[in-house]
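There is one chain below, alone, in C-alpha cells, taken in the form predicted on its own.
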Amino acid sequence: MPKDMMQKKKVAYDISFKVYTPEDIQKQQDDLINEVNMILDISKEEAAILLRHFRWNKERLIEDYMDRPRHVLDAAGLAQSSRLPRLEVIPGFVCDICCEDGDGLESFAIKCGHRYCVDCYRHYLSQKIVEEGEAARIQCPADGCSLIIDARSLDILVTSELKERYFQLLNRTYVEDKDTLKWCPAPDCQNAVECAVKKKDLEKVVPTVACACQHRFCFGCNNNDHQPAPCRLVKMWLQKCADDSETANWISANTKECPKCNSTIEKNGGCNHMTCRKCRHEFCWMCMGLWSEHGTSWYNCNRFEEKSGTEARDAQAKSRVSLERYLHYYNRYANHEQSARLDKDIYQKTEKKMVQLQRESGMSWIEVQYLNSASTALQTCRQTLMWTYAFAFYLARNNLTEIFEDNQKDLEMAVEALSEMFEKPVTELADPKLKVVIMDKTAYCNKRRVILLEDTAQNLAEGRWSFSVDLTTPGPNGGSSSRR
C-alpha cells in the first residue's frame, strides 16, 4: 500500500498529494498490465508495450484496440505473430553486423525475423540501456524496423545487472508519462509524489508537497518550496538575480546612464567631458547636462542649473531608484537565503547540543526535542521569508500590500528572536524558563508563517493581488510581459 500523505484542505495554501515508494509504483504498473492482459487476451509483455505507448491510459488503449487492433499493434511496435523469440543456432547463418559465421554461432531475432548474433544483440542492448538510458522504446536493430524489444526477449539476452537497470528505467518512464506524478528531487530519494494540480492553475496556487523523506518541493516546477511566490514569478526572479545581482551593487556605485540612449557608462579618466560610445552624445559627468552648455570649462561643472542637466538628472534618479528598489529586495532575499544555510548548519549540530543538554541538565531525550522543533521552525520560516521578498518585488501596491508587509515584518521579528535564543550556550538552555520561552516562540513563529501564507494564498486564489508582470503570458526569453 502507498504511504498515504493525503492532506485535508484546512488552509488555502494546502494541496492534496500522495507519496509512493518504488514498490508502490511497480505494483501500479503490474495491476494495469494484468488487467489489460486479461481483457485483451494478449501477453503481459505486449500489454506493457501497449500501455507505455498509450502513456498508461488504460481506457483509451482498450477503446482503440477494440476498434482497430492491427493499427494499434503496428503503431505501438508489435507484430501479430505467435512465434516466441529464443536463442538459435542456424547452419550457414552470417551476422549482418559483425559478419561472423562460425559453427555453433548463437543468434537471436524477435517476431519481425531480423536475426543477429547474440554478442551483437547484447552489445546493442547494453548501449541502449546504459549509454542512452532507453528502455520503453528499444527497437529492433534492423534499419527501418520499428518493432519493440519486449521484456521477455531482453530477459534471454542480458545480465542480471543490466536487467535491473532496464526495469529502473521502465519505472522512470511510468512516472514521467503521467502528468499527476513526479519524482522527488531530493538526492538519493526514490519516491514519487502524486498531485492533481494542473498547469493552468499555477497562477492561482503554489502546490507545495512533502515527500516521505521530509523534502518539501513545488510540484509545479520541482524547485524547493517557494511559498508564497507563484512558479512563473519564481522563474523570473531567479533569472533576474542570475543576470543582475552580482553586478547591481557595482553598477550603482561606479556608473551612470547616458542621458540620451540610457547606455550604462563607467568613467575611466579624470575628465568630466563624457562621450557615449554608442550614440556619441556629449555630456558632463557631474551634472549630466549637455557639454556644449559648459563653454570652456573642461574639468569643472559650472552650469549645474541648466535645463538639460536637470532633465538628465531626473531621468538618472528614476533609473537609480529602480536599481535601488531591486537591491532592497534582493539583499533581504539573499540575507534570508544565507541565514537559512547557517541555520541548517546549526541544525546539524542540534543533536550534539541535545545530547550535551541531557548530560548537564538531567533532561530526557523527549524533553530536549524542543531544540529540534525550534531548528526546524527556523529553517522553514527562513525559506518562506526569503520568497516573500521575491513576491514583494513584483507586487503592485494596493490596500492589501500593507497587510502583507505587516505579516512579513511580524514573522521576520519572531524568527530573529527565536534564532537569537537558539544560539545561546547549553548552560543557559538548561534553564527551564528559557525552554518555555523557546517553545512559545517556536509556536509563535509557526503561527505567524501560517497567517502570512494563508493571507497570500487566499488572495492569490481569488485573483486579488496585482503584479507588475503578467503571470499568465510568456514574454521574450521565457519571461513575462508587463501588466498594468
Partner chain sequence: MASQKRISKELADCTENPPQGMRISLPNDSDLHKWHVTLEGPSQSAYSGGTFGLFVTLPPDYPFKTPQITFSTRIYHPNVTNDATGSICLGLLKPEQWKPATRIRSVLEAIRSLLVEPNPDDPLEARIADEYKNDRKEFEKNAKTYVTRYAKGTPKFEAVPAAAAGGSDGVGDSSTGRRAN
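Residue numbers count along the first chain shown, from 1. Not measured: the values here are computed from a predicted model. In this text, the rigid core denotes the largest set of C-alpha atoms whose superposition between the two forms falls within 1.5 Å.
As for the form predicted in complex with its partner chain, it is not shown, yet the points below apply to it.
Only one segment in the set 383-391, 103-111, 214-222, 126-134 has residues whose heavy atoms sit within 4.5 Å of its partner chain in the predicted bound form; it is 126-134. 120 is the sole member of 72, 184, 120, 354 with a non-hydrogen atom lying within 4.5 angstroms of its partner chain in the predicted bound form. Contact with its partner chain in the predicted bound form, judged by any heavy atom within 4.5 Å, is made by just one of 396, 97, 196, 156: 97.
Taking the partner from the other structure, its partner chain in the predicted bound form has no heavy atom within 4.5 Å of any heavy atom of residue 283. When its partner chain is considered in the predicted bound form, residue 408 lies well away from it, no heavy atom lying within 4.5 Å. Within 4.5 Å of any heavy atom of its partner chain in the predicted bound form lies no heavy atom of residue 89. Taking the partner from the other structure, its partner chain in the predicted bound form has a heavy atom within 4.5 Å of a heavy atom of residue 139.
Once both forms are fitted on their core, a CA shift of 2 Å or more is seen for residue 134 between the shown form and the other one. If you fit the rigid core between the shown form and the other one, you'll see the Cα of residue 221 move by less than 2 angstroms. Relative to the superposed core, residue 406 undergoes a Cα shift smaller than 2 Å between the shown form and the other one.
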